[in-house]
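Here's a solo chain for you in structure tokens, the form predicted alone.
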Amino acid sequence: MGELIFHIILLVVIGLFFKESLVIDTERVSDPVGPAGFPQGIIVICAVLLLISLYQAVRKYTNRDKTVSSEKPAELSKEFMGILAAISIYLLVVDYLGFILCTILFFIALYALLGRGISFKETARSVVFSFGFTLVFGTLLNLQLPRGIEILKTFSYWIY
């Protein structure tokens, strides 16, 4: 049942993203697709794949063995809920803390949630991954990453 609810929540989120893509300014665009075409195409593909997955989940749910006692679903585990909370918190604070610091904290939280603990090795790995992603996306691919506020913003200009 949790899988079905998760699919429905994802469909609602995809619908909200599609609604937001409709307000992208396309007045000064010379090509017929425009800047909103790419995200809308990706959202439609995601929605189709999600509907296929929802159909399979409904079939699995209706064909389940009802004689077997149900255990706690994996969607309600501490790790799963922790990862969802970590992703949510990451998305909420990334604009304030900046990409580098927020990604370091996110990786440390993921290592702790997945049972690897918080050690010097995992912290160093988080720092390396964060700076690696920053260099790849911010410098090589020239994407705009969140810089954070105040001193974090100044620090980010030194890196990318």
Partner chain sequence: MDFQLLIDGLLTTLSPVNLLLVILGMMAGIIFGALPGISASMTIVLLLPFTYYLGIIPSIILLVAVYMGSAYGGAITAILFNTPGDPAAVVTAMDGYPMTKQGKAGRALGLSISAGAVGGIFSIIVMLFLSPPLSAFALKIQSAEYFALAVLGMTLIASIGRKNPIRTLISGGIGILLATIGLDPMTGAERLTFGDIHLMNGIDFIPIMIGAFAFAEVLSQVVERNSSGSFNMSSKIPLEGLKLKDMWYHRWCVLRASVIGTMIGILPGTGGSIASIVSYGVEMRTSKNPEKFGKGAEEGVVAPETANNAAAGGSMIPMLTLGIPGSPTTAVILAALTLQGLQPGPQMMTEQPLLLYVIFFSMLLASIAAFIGGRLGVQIFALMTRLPYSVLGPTVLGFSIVGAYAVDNDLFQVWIALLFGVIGYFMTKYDFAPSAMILGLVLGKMMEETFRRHLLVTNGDYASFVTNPISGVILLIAVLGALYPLISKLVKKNSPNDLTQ
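Positions refer to the first chain, counted from 1. Quick caveat, the model's predicted, so the values are computed rather than measured. Heads up, when I say rigid core I mean the largest set of C-alphas that superpose within 1.5 Å between the two forms.
Beyond what is shown, the protein has a form predicted together with the partner chain; the following relates to that form.
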F107: touches the partner chain in the predicted bound form, heavy atom cutoff 4.5 angstroms: yes
Close approach of F131 to the partner chain in the predicted bound form, 4.5 Å, heavy atom: no
The partner chain contact at K66 in the predicted bound form, heavy atom, 4.5 Å: no
Touches the partner chain in the predicted bound form: I149 (any heavy atom, 4.5 Å): no
Members of 95 to 134 lying within 4.5 angstroms of the partner chain, judged by heavy atom, in the predicted bound form: D95, F99, F106, F107, L110, Y111, L114, G115, R116, R125, F129, F133
Core fit, then I43 C-alpha moves 2 Å or more between the shown form and the other one: yes
Core-superposed comparison between the shown form and the other one, Y55 Cα displacement 2 Å or beyond: yes
